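Below, in structure tokens: the form predicted on its own, a single chain.
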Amino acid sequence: MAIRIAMLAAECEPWAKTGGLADVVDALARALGRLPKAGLGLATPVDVFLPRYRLVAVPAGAEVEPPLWIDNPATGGDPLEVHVLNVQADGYWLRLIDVPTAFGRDAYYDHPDDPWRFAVFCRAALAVMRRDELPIDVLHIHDWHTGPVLLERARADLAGDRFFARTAVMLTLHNLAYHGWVPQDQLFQLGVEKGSALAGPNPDGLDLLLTAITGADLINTVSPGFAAEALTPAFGMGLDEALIAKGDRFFGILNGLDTGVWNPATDAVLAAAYERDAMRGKAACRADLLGRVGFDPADTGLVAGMIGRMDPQKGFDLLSDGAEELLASGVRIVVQGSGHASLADPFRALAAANPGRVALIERFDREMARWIYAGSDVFLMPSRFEPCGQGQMIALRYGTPPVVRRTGGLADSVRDVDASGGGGTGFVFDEATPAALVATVLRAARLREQSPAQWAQLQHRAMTMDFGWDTGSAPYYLEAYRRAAVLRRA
């Protein structure tokens, strides 16, 4: 059956982005639009609802709908005026929810009234769908910010409102660490009264992510490996019991990679183009990177690159704690990232003490990231946990074997070269320790130095991996949408 999908998300590339959520929402919506129709796909292009943050630049030609009014969740009255701007994106419709009092601010998150802001967003998006008078088969929501959708559906059910009665809700969990906790004395921000059925069983407050998990018809996270880990206390972030209770309605779908955006054969930023069967340009990219960061391009020692948010999750401390041993073995290190000062400080000290051996790029720089992916010899992702990760997929695409810890999506997407009977694509280790990371990087360095032919074969296998949305993830999501619709209608 052909079905109609609407997504609600707090981020969507390129309009609003702080992390991988934005990439997934945009890439998945575009890929769904490219799937064959023939009665089996989507009835119409996906609608992606996104807050109109002050930082979002609206493209020229956006369609402005007549305003509508919604009840203010925090007061029950005091109607809020909502403007909707429609933008024709690449294969989907972006629908910007413009409520300046909620989103006309200088940052996306971390405001004391965030529960109210995203309750407004969800209520407004549902009001737009109702005005469209086209029933939605599946609402695809993402992370805690869209949890109020389940409150709104429950409120409609209690009121006997049947418009969304047959609308399934599918929740994608990108990050279990952020729950959207609302203390009891702040429940009014959601339009929820203390002690009411909507307030839930916890007398201390309401967990929006838990509410979404409990009420969703289907739930997925962004890799099969992390779905299994999330069922354990170590990785479930207090949600493992709720996820276990969902049974087979909770599962993992590995994220894809936009292979048009990430392609060394067409990447205009690179010093030279290259592809799987014509790798000469990669050497030019290596020399270009080393020149940019002040390293000697003639030095043949292994260059290890790492890019990411400086957060304890990502394992930057494992690299900084093991850096002296790596440097003593001839390895050079290029790090790009920003975040926790306690994680950046050791790299500043290392770079100051070893200016031709360690480089720290302490900012978000898209072009530098591409130079690192293409110019490094190996790419490091020693994450303590990783729901999916995209860096390892980009590195594989660019012929830069990843060094990863065996966790979540990293374990699903990288096969160890020594444990795969000659079919490996990178280097994998188990323990989240500096010693384990150092040993694995040095294992990569030995293979590269001692067996150039095997290294070239490894790069070739890495670039053969296909993580494209169209061939992998998007069809699985379409299958899940159909299942969610059937479950809800039953």
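Not measured: the values here are computed from a predicted model. Start at 1 with the first residue shown and count on from there.
Here the subject shifts to the form predicted in complex with alpha-D-glucopyranose (GLC), a form of this protein not shown in this document.
Checklist entry - Though only this chain appears here, would G20 touch alpha-D-glucopyranose (GLC) in the model of the complex if you measure heavy atom gaps against 4.5 Å? => result Within the cut-off, so yes.
Checklist entry - Hey, in the model of the complex, does T146 get a heavy atom within 4.5 angstroms of alpha-D-glucopyranose (GLC)? => result No, T146 stays farther than 4.5 Å from alpha-D-glucopyranose (GLC) in the model of the complex.
Item to check | Heavy atom of A480 within 4.5 Å of alpha-D-glucopyranose (GLC) in the model of the complex | outcome: Because no heavy atom of A480 falls inside 4.5 Å of alpha-D-glucopyranose (GLC) in the model of the complex, the answer is no.
Checklist entry - Can H174 be called a contact residue for alpha-D-glucopyranose (GLC) in the model of the complex at 4.5 Å between heavy atoms? => result Result yes; H174 sits at the interface with alpha-D-glucopyranose (GLC) in the model of the complex.
Item to check | Partner-contacting position among R292, R415, R309, R249 - heavy atom within 4.5 Å of alpha-D-glucopyranose (GLC) in the model of the complex | outcome: Looking at R292, R415, R309, R249 one by one, just R309 meets the 4.5 Å heavy-atom criterion.
Checklist entry - Among the candidate residues Q336, T211, Q390, T407, which is the single one with a non-hydrogen atom no more than 4.5 Å from alpha-D-glucopyranose (GLC) in the model of the complex? => result The residue in contact is Q390.
Checklist entry - Any idea which of 279-287, 104-112, 84-92, 381-389 reaches within 4.5 Å of alpha-D-glucopyranose (GLC) in the model of the complex, heavy atoms considered? => result Contact-bearing stretch, as computed: 381-389.
Item to check | Complete contact of I3, T44 and S473 with alpha-D-glucopyranose (GLC) in the model of the complex (any heavy atom, 4.5 Å) | outcome: No, none of I3, T44 and S473 comes within 4.5 Å of alpha-D-glucopyranose (GLC) in the model of the complex.
Checklist entry - Along 224-260, which positions have a non-hydrogen atom within 4.5 Å of alpha-D-glucopyranose (GLC) in the model of the complex? => result Stretch hits: a single one, N255.
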